[in-house]
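First, one chain by itself in structure tokens, the form predicted on its own.
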């Protein structure tokens, strides 16, 4: 089995959660490569959660929406929960207007809320400092 082609999309590991973000729109080929790379990382890192930050995207086309739904399903089958965070209002409006439903995709308003949903908590650590664990 060949390793997936790196997409240039950073995938960070925070404990048993993988954090990634789409910085630009993905073309069809990059979206497939991203899915392959992320599912490989879920298995390799025994991840139980994945946060995908899409706050930089100004538009999501039907292919990327379908890719997010399929990625969520694949991740769930591999034992990981996926949260898509940071969707812009214009993106949400466009998806609804086009009749595109992100069936099965959990969303959060921002990355912090997504991490909290995946079990991370922000706790105070001394005066004026916050700590994420």
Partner chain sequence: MTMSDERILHRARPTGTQVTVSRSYDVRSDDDLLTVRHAVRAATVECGFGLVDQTRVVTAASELARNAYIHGGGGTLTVELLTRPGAGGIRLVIKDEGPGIPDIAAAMTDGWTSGNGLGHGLGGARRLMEEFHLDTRPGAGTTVTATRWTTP
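This is a predicted model, so every value here is computed, not measured. Residue numbers count along the first chain shown, from 1.
Although it is not shown, the form predicted in complex with its partner chain is what the next lines describe.
**Q** At 4.5 Å between heavy atoms, is residue 66 in contact with its partner chain in the predicted complex?
**A** It does: once its partner chain is placed as it appears in the predicted complex, residue 66 has a heavy atom within 4.5 Å of it.
**Q** Is residue 80 close enough to its partner chain in the predicted complex to count, meaning some heavy atom within 4.5 Å?
**A** Although its partner chain is absent here, residue 80 would stay clear of it in the predicted complex, with no heavy atoms inside 4.5 Å.
**Q** At 4.5 Å between heavy atoms, is residue 52 in contact with its partner chain in the predicted complex?
**A** Flag for residue 52 set to no.
**Q** Under a 4.5 Å heavy atom criterion, is residue 62 part of the interface with its partner chain in the predicted complex?
**A** Contact check for residue 62: yes, within 4.5 Å of its partner chain in the predicted complex.
**Q** Thinking of its partner chain in the predicted complex, which stretch from 104-112, 52-60, 33-41, 71-79 has heavy atoms inside 4.5 Å of it?
**A** Among the listed stretches, the partner-contacting one is 52-60.
**Q** Hey, which residues along 15-29 are within 4.5 angstroms of its partner chain in the predicted complex, non-hydrogen atoms only?
**A** Counting only heavy atoms within 4.5 Å of its partner chain in the predicted complex, the contacting residues of 15-29 are 24, 25, 26, 27, 28, 29.
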